[in-house]
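Taking the form predicted alone, here's one chain by itself in structure tokens.
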């Protein structure tokens, strides 16, 4: 982000020039992205599934469904409510107290954090996918197409997804663009496209204004595919990356203990091996073989196990599957895959099944057998955005894995009945994420009463709890004394009395998100009391609370020395002096969002960035004009 008037002026010019370019193309050709006569272009018809969104389930602002239909913002650039926006950006959520430890042996080429699927009115052989990016481009890391016919087996519940394009996440220049990379040629027509995104390198929320499928009714000739213009080129990449101090804190998706395979190869390459009739690998101690295998991801272990019986035995060692992350392989995992993993899972402690079920129908009985094979060692289970998880499977999960410490059901929208939580207690539970689910008041209260060690709770965007959220907060204050993080994003009926149950009874609280909780009023002293009584706070999101005042910020500065992340987007009453007080006093602060704060300008943010270079100071905008 700009740290001087000169940088900001250059930033404005780039955006204006890009917008003007597309407008001129549209004026001359009738379209911002002309196509050949032989091609058909379709707008997205419907968003069929997604993993997260910034907006509310009962709103049209900043929601995932805005990706479908006619682009309404492009070629303008900025923060517009009509766009599709996801829940997170940058590294901040991972750096917060509720951030989860990454899984060992996650493939280095898997960087996806969010997904969205869009259907089209007709099936076309894809020649080009156009994504209209109107704010902070560069999040898309994979584009996939669904082969509903030739590559799918409906009888077995198998659906084939093919990767049309994939790339690494990287920061891009701030300007509107049509992202349309070269696609892999396919031999099938499709009407369902999936985008996967990684937000790690984004400076702020990415915004997508539309998606279009360009293709043909019959298989296109090679010339049509080859001569498609690549609207994105290498010059679109920005020069910078994340600040150095953040790079040290964010682990890449590399291999065991953060060490790369290359470092191991460098040492092995120095060895001189004398071969004879038998393989030298058979002469290595078992511990050395296991050490080598610990650097491989799951895909490599499966491949290596097919080379010889000795390596198969080593690759099937359950100690290599203490962390088992199947999310990167959501396209391939089937019932047969689950059965084949069962002998290897008797020591599995952390199991990630997020996003599964899209490539194949998964039987509840097979999931149950997999969970039973983990015995009592299983402490973490992640099922985020799994459409196969319904009320019956939830019952199986809870009854089979009653020793769970961490449970992630984020965006499991097919679960209608959570009453199993009232029947089977999860007494060891410390982490629960039910973001965007239909979790009801009775069930969450049962969890709170039966799980006294609960430390992290995410009940954001749970509409079925909204009418009784303050009763739920009272129960949290009564039963969850060890609570460290609480996400109440978009729980709009939270009031000052409800919040008082948290700050009066949860002294260990380190993270609180009350973004878009519009019933909270500064005049009731709730934010001042929060600062005075929760002195361990590291992250506080007060997004879109119009009543935040200088006194609230000063109370935070005086009482919360550990504060690292603060979001006061949209407040109308805060002055520059109060913000400077926070910047000066909170030495650990690394993120401050002052977007749409009345009286705070872009030049103020530039000045503060120059003065406090180790702080990421965010200020959004809706429109940059030539004036």
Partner chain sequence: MQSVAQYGRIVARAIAAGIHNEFQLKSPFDKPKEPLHLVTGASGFSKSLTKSSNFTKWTFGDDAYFISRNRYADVIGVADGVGGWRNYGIDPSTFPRTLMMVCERMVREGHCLPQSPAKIIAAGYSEMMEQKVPTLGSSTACIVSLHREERTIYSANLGDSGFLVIRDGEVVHRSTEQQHYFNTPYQLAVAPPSQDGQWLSDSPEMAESSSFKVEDGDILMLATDGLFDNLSEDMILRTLASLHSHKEEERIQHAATSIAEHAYNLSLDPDYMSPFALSASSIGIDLTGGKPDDITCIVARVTSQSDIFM
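Treat the numbers as computed from the prediction; the structure is a model and nothing was measured. Numbering follows the first chain given and starts at 1.
Keep in mind that the form predicted in complex with its partner chain is not shown, yet the notes after this line are about it.
Q: Against its partner chain in the model of the complex, would residue 173 count as a contact residue? Criterion: heavy atoms within 4.5 Å.
A: Output for residue 173 is no: heavy atoms all beyond 4.5 Å of its partner chain.
Q: Closest heavy atom of residue 50 to its partner chain in the model of the complex, within 4.5 Å or not?
A: Residue-level check for residue 50: no, no contact with its partner chain.
Q: Mark residue 527 yes when one of its heavy atoms lies within 4.5 Å of a heavy atom of its partner chain in the model of the complex, and no otherwise.
A: It does not: once its partner chain is placed as it appears in the model of the complex, residue 527 has no heavy atom within 4.5 Å of it.
Q: Answer with yes or no whether residue 128 is in contact with its partner chain in the model of the complex, where contact means some heavy atom within 4.5 Å.
A: So residue 128 does not count as contacting its partner chain.
Q: With its partner chain left out of view, choose which of 43, 573, 46, 584 has a non-hydrogen atom within 4.5 angstroms of it in the model of the complex.
A: Checked against the cut-off, the match is 573.
Q: Sort through 559, 61, 26, 588 and report the residue having a heavy atom within 4.5 Å of its partner chain in the model of the complex.
A: The residue from 559, 61, 26, 588 that makes the contact is 61.
Q: Thinking of its partner chain in the model of the complex, which stretch from 99 to 107, 78 to 86, 450 to 458, 428 to 436 has heavy atoms inside 4.5 Å of it?
A: Looking at the partner contacts, the answer comes out as 78 to 86.
Q: Pull the contact list for 176 to 215: residues with a heavy atom within 4.5 Å of its partner chain in the model of the complex, in sequence order.
A: 204, 205, 207 sit within 4.5 Å of the partner.
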